[in-house]
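Single chain ahead, written as structure tokens, the form predicted alone.
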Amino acid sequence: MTAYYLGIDIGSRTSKGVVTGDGRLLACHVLPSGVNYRAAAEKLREALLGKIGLSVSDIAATVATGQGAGNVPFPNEPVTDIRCCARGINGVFPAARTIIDVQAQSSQVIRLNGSGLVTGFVVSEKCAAGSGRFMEVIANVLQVELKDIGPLSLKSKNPVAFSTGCAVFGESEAVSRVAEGSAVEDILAGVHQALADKISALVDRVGMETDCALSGGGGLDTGLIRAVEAKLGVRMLVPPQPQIITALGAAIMAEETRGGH
């Protein structure tokens, strides 16, 4: 009889969840976190169970992680997002030794050993300029859909150089560049390069060993991926669904700890 495991990642912007069974990913779901993390967790579990026709009693164990993990109202084992992200990437890319995780409010770089265990990590300062939020701010200024940012930036011929490391001033700088007539794709490419510079500084602090993987919502942005690759001089491993990696790791840990693996 199959035992099912739930991984919940309550982030500042979005909440992600997965259900696994017999070591396989069976369902995943992403929704806005909103201001009520408790309600987000409940909606997430309901949506996941509905996708595969399970009831609450079918879930053998749950691991919760992320900023809002403490608000998850149903029984769970809390685990840090660093460990969950590492386990998720290790499950998808066993050869990965460095992880770049670009979240909505911060970015982090994690080093792994051959067993997939965390040997070191560094997290960006609490500033939107070091995270995916910076891209949202600039997208709003440029009136560009988030999904179009990556493809547009790859068309750039002359990326704009951003002189600031602050998202607030970066927004003003983007407005100025628009007024000066800079092309949208050049502004986007410049923002990607600025974010890649910040990520590179984090990598330098923790040290990079290949293979290198990129997870989090930033993994959906092809322009950012290419900018990071160019800055670091490596080819990034990117999961098919990078935004659910930490939730996947949570579910894997639930299965390993309760499943006896």
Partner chain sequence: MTVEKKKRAISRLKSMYPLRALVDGMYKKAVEASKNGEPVAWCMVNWWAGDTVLQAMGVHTVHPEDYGAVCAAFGAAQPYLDRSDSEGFPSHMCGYARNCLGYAALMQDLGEIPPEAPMAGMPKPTLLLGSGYFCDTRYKWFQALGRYLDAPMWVLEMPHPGVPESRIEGNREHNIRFLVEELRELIGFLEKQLDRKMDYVRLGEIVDDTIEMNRVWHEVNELRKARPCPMHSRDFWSSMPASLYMASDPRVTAGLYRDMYDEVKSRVDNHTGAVPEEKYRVAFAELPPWHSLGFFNQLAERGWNFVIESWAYHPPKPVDLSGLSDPLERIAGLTYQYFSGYFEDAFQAGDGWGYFAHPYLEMVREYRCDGILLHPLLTCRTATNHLTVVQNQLMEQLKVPSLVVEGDIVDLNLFNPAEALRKAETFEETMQHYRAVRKEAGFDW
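Keep in mind that what you see is a predicted model, and the values were worked out from it rather than measured. Numbering follows the first chain given and starts at 1.
Just so you know, the form predicted in complex with the partner chain exists too; it's not on screen, but the next bit is about it.
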- line: Answer key: of A183, L154, V144, I82, within 4.5 Å of the partner chain in the predicted complex (heavy atoms) is I82
Listed residue (T98, Q108, N90, N76) with a non-hydrogen atom within 4.5 angstroms of the partner chain in the predicted complex: Q108
query: Counting only heavy atoms and a 4.5 Å cut-off, does the partner chain in the predicted complex sit next to every one of N113, L117 and G120?
result: yes
query: Looking at the partner-bound form in the predicted complex, is R205 within 4.5 Å of the partner chain by any heavy atom?
result: yes
